[in-house]
Each structure stands twice: as structure tokens, then as C-alpha cells.
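There is one chain below, alone, in C-alpha cells, taken in the form predicted alone.
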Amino acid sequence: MCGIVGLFLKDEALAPELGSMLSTMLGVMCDRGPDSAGFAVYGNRQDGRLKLTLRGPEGTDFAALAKTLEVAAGGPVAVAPRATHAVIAIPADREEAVRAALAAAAPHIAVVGAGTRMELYKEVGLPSEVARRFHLETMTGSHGIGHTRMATESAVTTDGAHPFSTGIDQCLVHNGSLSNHRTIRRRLEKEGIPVATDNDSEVAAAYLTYRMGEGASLGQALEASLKDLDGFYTFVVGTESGFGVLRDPIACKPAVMAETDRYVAFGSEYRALVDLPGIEDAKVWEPEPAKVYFWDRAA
């Protein structure tokens, strides 16, 4: 069944409250997906730096790991550990060298996200507990998305948790199932787009990365997915400056949106939105089937 939440702030004054609002929204959706949870938050950019979100076993010494990457990074590596994850900030032009050094020094460490602003966290467990472990309520930023998972297409593992990120500052959460994901996976692999897990949601994320790599905007990539992706799905997608929503042409998965002068919000159910400020005066609607909704701060 799964639960999705998303929040795109129009009012920068709300940035310090992004994490607390998203945490509340995620917690309300616990009963829609108690197996695992995850979220991505778009925070501050550091000029010339790239954030890599790493995931390791419990007890990983991320500070020591960062020290081993300094030669490849060409200098000190800033590290911010949060439970089983850590965000390291490296020179953007050293990404390839740092990834190679990481793979050699610590092959058991996964890179779950990369971006100039995006940080991504996900784990097995009750969504409210996952949010607490990573201190989501303290995070600031311009927008974020979250997911509570009830496993259907693959096992209950952290690899199966959402969001899935397959491109710089891109991530996707999904409720539903794709019936042709194996066919799309083979097409993507021929185009050099790797899909690391057996989860159909990662295929959807990789498909959008592929389309945007061809020059499409996120809105155009979502439009193309209506033609190429079969199944029942609701996607909520984040980019460095944007926030998109798409439901398939049948649209059997629940979804509701709300918009005020200060934010746009998405929830699988309205109860995820009820604690947002000013929700009583918001425009609230059910997103239409096969219609792309997209907001971009850079537009």
C-alpha cells in the first residue's frame, strides 16, 4: 500500500521548519507502510562542493572513513554522520576519484545519493522511528519528499526502501507497481543506466534520469513516462530546484494535494497534511490521472 509525502516551500521563512513538518507528515503515514521509510531533503548548497550520502553498517566510523578519502578528494573531507548514514562534502570535480577510493577502501559502504543540495536517508523500521534516528525534525531546506513502505515487489531491506536516487539531485518515491519494469530495466541497461536493486521503483527513477539525460525537463520526462511505464503508480519526484507529481491514467492509488501562498504539499491521505500551517485556508484537491504537476524554484 505504501505512503508518500512531499513538501515544496514557496516561503523561504519556512525553511527552518521543513524537517519538523516533513517528520510529522511521515509519522502520520506509518500505518500505510510499517516496513521501512526514507526521505530526501534539499538543504543549503556549498559552491563547488558535492554532497555524497553514504550508508554503512551500524557502528561505522565515518570520520575515519572520511580521512581515508582525503587524498582522492585533494584535501579535507567534511563529514556529518547520522546513525547509519553520513553526508560527506567533496569538491565536485573529484567525485569520480572519491567514489573509486571509497569502493576500494570500503566496498561495504553504499552511496545512496549525490547532489549539490540533496541528502537522502532510509532504513528498515517504523517510519516515525526512522525519522527520529536521522533527526529529520532538525533539518532545514527548501523541499523534501518521504516514503513509508509496505513491501510488495521486493524484500524488506534497506536497499528496497525509498527514495531512490539515480542522478545528481534527483530522487523518487513511488506507490504502486510497474508491470513492465523488467523490460524497461533491460532498455536502460543498454543505454548505460545502471539499476542496482530489484525494486521496480528504482527503475522508474532511472527512467527519469535517462530522459533528463537526453535533455528533457523533469516535466517532459514525467510526460514521457505515461507512454513508456505500465502499471499503477503515483510518483513524487524531487530535483535540485523542483518538485513533481504524477499519477497513472487509472489513478487507483490515493493522493491529495494542498497549495497555499507558502507551500505545496502532497500526501497519500489528507490526514498527512492536517498539521501544516494554514491548511484550513489551502486549496486542496485530488491530482488528476495522467496529469503532470510540477513546481520549480528556478522557473
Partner chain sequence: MNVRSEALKVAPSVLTTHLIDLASASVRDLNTALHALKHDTNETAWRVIHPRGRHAVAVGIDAPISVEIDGNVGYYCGGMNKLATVLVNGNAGVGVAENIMSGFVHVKGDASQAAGATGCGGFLLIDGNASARCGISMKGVDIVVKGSVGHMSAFMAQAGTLTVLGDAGESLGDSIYEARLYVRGSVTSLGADCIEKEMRDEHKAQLHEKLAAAGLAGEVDVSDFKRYGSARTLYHFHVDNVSSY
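Owing to the predicted nature of the structure, the values given are computational and were not obtained by experimental measurement. Residue numbers count along the first chain shown, from 1.
If you look for the form predicted together with its partner chain, you will not find it shown, but the lines that follow are about it.
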Can you work out whether its partner chain is within 4.5 angstroms of a heavy atom in all three of K51, V111 and F134 in the predicted bound form? no
Segment that reaches its partner chain in the predicted bound form - one of 34 to 42, 247 to 255, 52 to 60, 65 to 73, heavy atoms within 4.5 Å: 247 to 255
Taking 4.5 angstroms as the cut-off for heavy atoms, does E17 touch its partner chain in the predicted bound form? no
So in the predicted bound form, does E240 come within 4.5 Å of its partner chain, heavy atom to heavy atom? no
Please run the contact check for E286 against its partner chain in the predicted bound form: heavy atoms, 4.5 angstroms, yes or no? yes
Proximity of D230 to its partner chain in the predicted bound form, heavy atoms at 4.5 Å: no
Residues from 257 to 286 in contact with its partner chain (non-hydrogen atom within 4.5 Å) in the predicted bound form: S268, E269, Y270, R271, V274, D275, V284, E286
